[in-house]
Structure formats: structure tokens, C-alpha cells
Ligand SMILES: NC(=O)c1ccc[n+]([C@@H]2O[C@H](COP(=O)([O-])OP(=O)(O)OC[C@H]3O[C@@H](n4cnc5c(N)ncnc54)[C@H](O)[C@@H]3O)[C@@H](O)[C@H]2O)c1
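Before any questions on how it binds or moves, here is one chain, the form predicted alone, in C-alpha cells.
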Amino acid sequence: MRRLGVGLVGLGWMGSLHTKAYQAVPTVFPELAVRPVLTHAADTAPDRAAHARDVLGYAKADTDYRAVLDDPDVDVVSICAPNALHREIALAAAERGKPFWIEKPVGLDSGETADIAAAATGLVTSVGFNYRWAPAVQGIRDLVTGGELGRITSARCVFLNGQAADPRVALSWRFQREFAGSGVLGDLLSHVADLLHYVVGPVTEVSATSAIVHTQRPIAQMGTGTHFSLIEGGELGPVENEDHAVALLRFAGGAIGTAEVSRVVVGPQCGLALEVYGTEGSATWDFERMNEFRLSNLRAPGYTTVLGHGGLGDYARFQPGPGVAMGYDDLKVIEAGRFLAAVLGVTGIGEPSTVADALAAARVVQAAVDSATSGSWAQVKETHA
């Protein structure tokens, strides 16, 4: 069994999740005959670096990411640092020829993402578009590509999230342009744009509007608290990027669609939903009910619920029979497996999402940002890297 040294930059929740995903690969993807070895991790916070060594099990830990990239025993790198650091770390990894798995948004804007895509030409990459790999999404995509829904006429995708609905949620880096770039557009529309591109096809034109719902939040110190910690009282600072956005879309294939994203709605917590409509049928999916989708066709009005089963995506790698639930973490294992298969040159597993896919999504996000600023339709400059 081949051993691959794993490097990790960023020890927050996602860094821990990448670690668990690597560890699951030998069991879930035995045909890869690979054993990822937790070799070297880095985080600017010394306590997190120590956690990587003492709890997660990395052989070495540092507070400087360069130590990870320069380690000759590191064969692949996960980049799970805050958004503002992605470009610097990804370019450094590409310069050293290290295949990398990076979280989204890959860059703070489409320009940074283009820089990374150019630097990584010829290098194996993977991007954290994990919702692609839900078996139900794979099933809907197969219906679309197989023509079973007919000509696709419209699509709708929303990602409604309530994690920042409370105005007491701290003013972390996610609400500041310098560190996050755009707000909910970069954070959540990037997932929506990727799903729509993956299932329906390229978006060519966008008309969007956006709003900052909570204009001030209590200030938090960088690197403290969790994703959306609550702070009672304290000094307030301005929210610099959008909380909520809505967009009309035109697709290259002639379909039209809508997208809506929010981090401040009350109710939905991870309300990612996809609807695809064609001349012969339609299919809908909701991540909060991840393990099923609904299907309709002209010959049988109404919807039939299709439960997760072995014929959908990688479902059979995780569960022995229909209707047994998979979870979010399993989607990251699929992502890890596809990434390592590409690194090893093993076929038959399926291709990972790449920085080229991230660039396509970033260009849709940029068009939405431009449209929300100008008040008019914006062209997606390119739909492919």
C-alpha cells in the first residue's frame, strides 16, 4: 500500500474535517491502495498547532505554513486557512509543485482565483465544492445529462443560512472585505454557482441585487471564538459586505433561472436547495433532507420521492442498502478520495472539482457583484478556465 504524506494549513473546523476525511480514504476507497499519513500541520495559533500534533496525530506542527510546504515528506496539502490567505498559500504550494485541496472561495475575487488557476496549470487540485457529491445530486445530474428531464428550461438554487441572523453574532473576518472579499456572494453563491454549472451548465449572464441586513456587529478579535460566536454588548463595528442577495440567471443552453443566498434568514440553517425543470420532467433536492430527492415526469403528475440507494453516486461506498442516511462529513471523504485518485493517476473513481471549476464559479459571483453595483445585467466574462 502506497503512503502519501499529508500537509495541512489551518486547524479550524474544516482542517479537522479534512484530516478525518483523509483517514477514512483507505476504508471507503480501498482500490486506491493508499494510506494517507498525517505528516505536518500549521496554524498561526500555537494552541491549534499543538492540537494538530497532540490530538489529531500529525507528526509535526508549526505556526508557519511554509514549514509544511517545504517539508519533503509532504506529498499533498490541504489549505483550510481563512479566505484572505488562500492566494498566498496556494501560489506557494503551486510554486513547490505540491498538489493541493483548497476550500472555497479559492480567492477573494475572480482575479485572485484566476491567478491561482494559472499558477496551478498542470498540477492536481481539488476544491471544497462538497455538495456536488451528495448521491441525490449525482442522481439528478445523471437525469439531466441522460436527457430524461427533456430540454432544461429553468433551474432554481437557494442557499439560505441563519447562522448570522442574530445581530449579536461577532464581527469576525467574514464580515470584512479585506479578509473575506464579498460576503454571502463569495461564501454561499460560490456553492450555488458550482452546483448549477455542474448539474445544468454554464451561466452566461446575471442580474443581481444585494443588501446588508445587519449593518453593525460587536467586534471580535481575529482568531478568537467560533464561526459565528455571540457577543453581548461591546463596541460595534460596520459590516462591510452583503448579508443577502438574489439573482436572475441566463444559461448557455438557453435555460433561465434564479439564485438566492443569505446568512441572516430566520428558520433555515443549511437551506441549500436545487430545483431543475425540463420539458419532460423535473427534480428537486434539499440538503436538509440530503438523502433523498423528488422526481416528476409528464406521464405521472406530482412527485415521487427517491431515497438514497446504491445506484446514486458513491452511496454504496458508505451504506449497505437504500434509505440509510449519509452525512456531510461523508461528502468530504468523497472529495478526499477523488483528490487522491487524481494525484495517484487512478481512473474509475471520478474527477475532483478543481481550481478551474472554482474559477468558473468565481466569475459568476463576480458578475453578481458587478450587477448588484451597477443595477443592470452583467456578463459572465468566461464560463470555463
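The first residue of the shown sequence is 1; numbering continues from there. Note that the structure is a prediction, hence the values are computed from the model and not measured.
In what follows, reference is made to the form predicted together with this ligand, a form of this protein that is not presented.
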Touches this ligand in the model of the complex: Pro105 (any heavy atom, 4.5 Å): yes
Would you check, heavy atoms only and a 4.5 Å threshold, whether Arg338 touches this ligand in the model of the complex? no
Are any of the heavy atoms in Leu85 no more than 4.5 Å from a heavy atom of this ligand in the model of the complex? yes
Although the partner isn't part of this model, could you tell me whether His191 comes within 4.5 Å of this ligand in the model of the complex, counting any heavy atom of the residue? yes
Judged by heavy atoms and a 4.5 Å cut-off, are Ala42, Arg174 and Tyr328 together in contact with this ligand in the model of the complex? yes
Answer range among 122 to 130, 140 to 148, 233 to 241, 201 to 209 for contact with this ligand, defined in the model of the complex as heavy atoms within 4.5 Å: 122 to 130
Just to be sure I understand the contacts: of Met290, Ala81, Val158, Leu195, which is the one whose heavy atoms reach within 4.5 angstroms of this ligand in the model of the complex? Ala81
Give me the residue from Glu112, Asp314, Glu260, Asp187 that has a heavy atom within 4.5 Å of this ligand in the model of the complex. Asp187
Could you pull out the residues of 331 to 362 that have any heavy atom within 4.5 Å of this ligand in the model of the complex? Lys332
